[in-house]
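There is one chain below, alone, in structure tokens, taken in the form predicted on its own.
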């Protein structure tokens, strides 16, 4: 049996690294006594992975775990897993997925972020970004520093309905990305990056983006669930 779990990461646990988060989940699964499936080979490890690594120090309402089990599990098993997780990690939802569906990580195409709005003329700076042909940023990679144009990877930037937070829909995944801190650096205001929050991870569903809990899944196929919220990608 294979499932996707949506969970939040907050409080002091937002300072947990990606590797430490993996170990935390492995311990919680053992404490809950769930029949996790293991890989084969000389060094077997639990079939557990995450949709997208979260930068250390950032909170999230929408992290996702991709898990495989040796046998069927129930809602009661998930409740035991909830109890085995520490404060700061909370399971929000879960769903069953086909065993041969693509890996969750491979489907990620974008993330939604919010950050408190500072004082200043945000609209003027947003207009400048929209009119720019390129938005080059310097990024460190394993092979050294390189200049990357993140303009194609910024899908939308706008204030929320209350005018208190900036909402950013940014590309994320193997096809390119824009990091929220890179975008904020292009907007010369006094941002409170400690208030940066990931609110959703979005998957490719045809020409659209949709949350993992909503997409329609078949064997090796992901499609749009038109009855739920989604984002149309720009052509």
Partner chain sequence: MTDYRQYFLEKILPRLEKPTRYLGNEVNAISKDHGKCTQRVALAFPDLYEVGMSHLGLKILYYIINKEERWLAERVFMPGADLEDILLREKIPLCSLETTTPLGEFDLLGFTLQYELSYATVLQMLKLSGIPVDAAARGDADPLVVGGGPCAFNPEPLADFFDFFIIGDAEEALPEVLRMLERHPGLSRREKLQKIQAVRGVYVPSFYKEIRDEDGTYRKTVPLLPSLPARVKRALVADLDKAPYPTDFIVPYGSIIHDRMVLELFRGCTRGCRFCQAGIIYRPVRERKKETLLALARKMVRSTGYEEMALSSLSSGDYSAIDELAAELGRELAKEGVSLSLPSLRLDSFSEEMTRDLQRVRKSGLTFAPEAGTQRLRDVINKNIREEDLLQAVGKAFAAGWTRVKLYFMIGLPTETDEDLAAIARLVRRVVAVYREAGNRGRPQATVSASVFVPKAHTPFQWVGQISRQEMLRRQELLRRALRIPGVQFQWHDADASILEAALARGGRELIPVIRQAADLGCKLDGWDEYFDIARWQRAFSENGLNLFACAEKRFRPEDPLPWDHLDAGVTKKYLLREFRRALKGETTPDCREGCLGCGMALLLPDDAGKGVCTVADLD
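Here the structure is a predicted model, which is why all the values come from computation and not from measurement. Numbering follows the first chain given and starts at 1.
Omitted here: the form predicted together with its partner chain. The next part is about that form.
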Is there any non-hydrogen atom of residue 221 lying within 4.5 Å of its partner chain in the predicted bound form? no
Is residue 13 a contact residue for its partner chain in the predicted bound form, using a 4.5 Å heavy atom cut-off? yes
Wondering, does residue 24 line up within 4.5 Å of its partner chain in the predicted bound form on heavy atoms? yes
Hey, in the predicted bound form, is residue 206 touching its partner chain, heavy atoms inside 4.5 Å? no
Location of its partner chain contact in the predicted bound form, chosen stretch of 185 to 193, 170 to 178, 61 to 69, 40 to 48 [non-hydrogen atom, 4.5 Å]: 40 to 48
Honest question, do 20, 30 and 33 all end up within 4.5 Å of its partner chain in the predicted bound form by heavy atom distance? yes
